[in-house]
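To begin, one chain is listed below as structure tokens, in the form predicted alone.
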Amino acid sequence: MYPIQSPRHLTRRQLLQWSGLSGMGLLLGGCGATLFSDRLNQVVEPLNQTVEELLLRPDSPVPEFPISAIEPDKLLINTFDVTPQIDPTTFRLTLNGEVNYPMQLSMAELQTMPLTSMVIRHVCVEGWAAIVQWGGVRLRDLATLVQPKPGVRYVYFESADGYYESWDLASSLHPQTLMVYQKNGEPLSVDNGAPIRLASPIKLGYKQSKWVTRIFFTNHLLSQKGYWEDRGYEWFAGL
């Protein structure tokens, strides 16, 4: 028999996997949605979200890797029908919703803000992972500029290709949640989400939107939670 680990030594991922509350455990056979799985998700997803929110440490950084650990060829690029071509000189990132100071920021303005760089593991729900260096602006610094109003609990991300995503506010304000414009020390490429994308070590890859054009702060989780979540994937998707 294997020794039983003390709870204080369990990782967040282990606890979710062993409790059956991980994202893949709820997919029930992939993306195919059956009446049974839909109903089960309606029951289990609120519990799943509650457990993952309790496990989240909003101000505790995830351990990072040295630059020597970067795996430049392992970050796969999911190919869809549309790869938007955005002129970075005219691009504006819109930040609005339930905030005191809605604004639009150019790439030049974003790049004058403090640059945060991190080397983290990007984990895909499909089972692969890659260690990547991302560089950009902390989302919490952008939130400081627009000042979300009391009661805001969620943050939506809209992308130029029609992709949409939503996060809980605590995960959005985590110190390693970035809006990035660099990958492995170089300008972000279009296929990786240029001019700016979302990156964080605390969420699965499908939560990390590319080609972000709008960040929207809101009090309520809308009926459309996210592109893949609306097709059966777990909403919180924490690591």
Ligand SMILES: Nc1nc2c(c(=O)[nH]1)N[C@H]1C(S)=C(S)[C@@H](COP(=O)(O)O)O[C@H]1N2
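Counting begins at 1, following the sequence as shown. Quantities reported herein were computed from a predicted structural model and do not represent experimental measurements.
Below, we turn to the form predicted together with the ligand, even though it does not appear here.
In the predicted complex, the ligand sits within 4.5 Å of a heavy atom of residue 159. In the predicted complex, residue 182 stays away from the ligand, with no heavy atom inside 4.5 Å. Though the partner is left out of this view, residue 197 does reach within 4.5 Å of the ligand in the predicted complex, counting heavy atoms only. Contact check for residue 201: no non-hydrogen atom falls within 4.5 Å of the ligand in the predicted complex. Think of it this way: in the predicted complex, the ligand has a heavy atom of just one of 75, 120, 152, 95 within 4.5 Å, and the residue is 75. With the partner omitted here, the residue from 113, 124, 86, 169 that has a non-hydrogen atom within 4.5 angstroms of the ligand in the predicted complex is 124. Between 159-167, 104-112, 140-148, 87-95, the stretch whose residues reach within 4.5 angstroms of the ligand in the predicted complex through a non-hydrogen atom is 159-167.
Interface residues of 203-234, taken as those with a heavy atom within 4.5 Å of the ligand in the predicted complex (partner not displayed): 205, 206, 208, 209, 210, 211, 228, in sequence order.
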